[in-house]
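There is one chain below, alone, in structure tokens, taken in the form predicted on its own.
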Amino acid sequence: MMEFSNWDIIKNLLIAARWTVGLSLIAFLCGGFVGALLLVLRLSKIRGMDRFVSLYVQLFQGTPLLMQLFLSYFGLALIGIETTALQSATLALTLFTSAFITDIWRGCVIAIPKGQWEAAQSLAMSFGEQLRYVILPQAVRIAIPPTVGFSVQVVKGTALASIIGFVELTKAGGMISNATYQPFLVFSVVAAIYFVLCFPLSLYAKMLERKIHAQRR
């Protein structure tokens, strides 16, 4: 049996953590882009768009991320679309993330006083100009803390990608545990790495939230 030192275990887990960080960034950026498009559609006056986006949000918020990963990987294969584990994980996490982000951002837009919309309309601004110059600059400031806070859920959600064979931190932990027969040590290190990734984001989100509340007083 091959011998693994503690440093070998930690080093390999840190290498795998790069995939966790990479997948988190991809999911967050893609989810943010899709979420922004959905938000604009939901706020627009296009008939049926509000209902469509609402159903989209309910679907991906109301079903487990694990099931979405299974469907994106095995479901697409059933209809002849072959994907890699990374592609399927990116698709599922993007859909999952966008559903939550568009809801978070919609709440921040709704928080803007109605008078701001009316003032923009009185200046004969188009819908796009109202969003760009009046509403979004104010909503973005409110949206930053909950968005940063949600990024923690995205990081932790990447752990489920291990179920479809994507080798990120959790999957690597299982493989190294099977090779070393040291599950307690391996998964203690895995938990510590997740903590190091997530805790600063949580602190930053709370700091931003306190700062915004202080400015509002």
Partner chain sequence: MGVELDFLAVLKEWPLLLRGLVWTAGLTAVATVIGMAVGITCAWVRSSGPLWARAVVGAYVEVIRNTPFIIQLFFIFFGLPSLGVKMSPDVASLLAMVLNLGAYATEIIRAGIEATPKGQIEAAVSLALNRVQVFTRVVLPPALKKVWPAMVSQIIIVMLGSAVCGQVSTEELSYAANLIQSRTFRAFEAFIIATVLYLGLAIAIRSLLNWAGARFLFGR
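What you are looking at is a predicted structure, and each value in this text was computed from that prediction instead of being measured. Residue numbers count along the first chain shown, from 1.
The same protein also has a form predicted in complex with its partner chain, omitted here; what follows describes it.
Enquirer: Given that its partner chain is left out here, which of Ala191, Ala179, Leu29, Leu37 has a heavy atom within 4.5 Å of it in the model of the complex?
Expert: Going through each option in turn, the one that passes is Ala191.
Enquirer: Just to confirm the contact call: exactly one of 124 to 132, 79 to 87, 102 to 110, 140 to 148 touches its partner chain in the model of the complex at a 4.5 Å heavy atom cutoff, so which is it?
Expert: Looking at the partner contacts, the answer comes out as 79 to 87.
Enquirer: Give a yes or no for Ala16: in the model of the complex, does one of its heavy atoms lie within 4.5 Å of a heavy atom belonging to its partner chain?
Expert: Output for Ala16 is no: heavy atoms all beyond 4.5 Å of its partner chain.
Enquirer: Using the partner position in the model of the complex, report whether Leu71 sits within 4.5 Å of its partner chain, counting heavy atoms only.
Expert: Close contact exists here: in the model of the complex, Leu71 approaches its partner chain to within 4.5 Å, heavy atoms only.
Enquirer: Is there any non-hydrogen atom of Leu160 lying within 4.5 Å of its partner chain in the model of the complex?
Expert: Output for Leu160 is yes: heavy atoms within 4.5 Å of its partner chain.
Enquirer: Does any heavy atom of Gly48 come within 4.5 Å of a heavy atom of its partner chain in the model of the complex?
Expert: Although its partner chain is absent here, Gly48 would stay clear of it in the model of the complex, with no heavy atoms inside 4.5 Å.
Enquirer: Given a 4.5 Å distance limit between heavy atoms, list every residue of 50 to 78 close to its partner chain in the model of the complex, or none if there are none.
Expert: Gln58, Leu59, Gln61, Gly62, Thr63, Pro64, Leu66, Met67, Phe70, Leu71, Phe74, Gly75, Leu78 sit within 4.5 Å of the partner.
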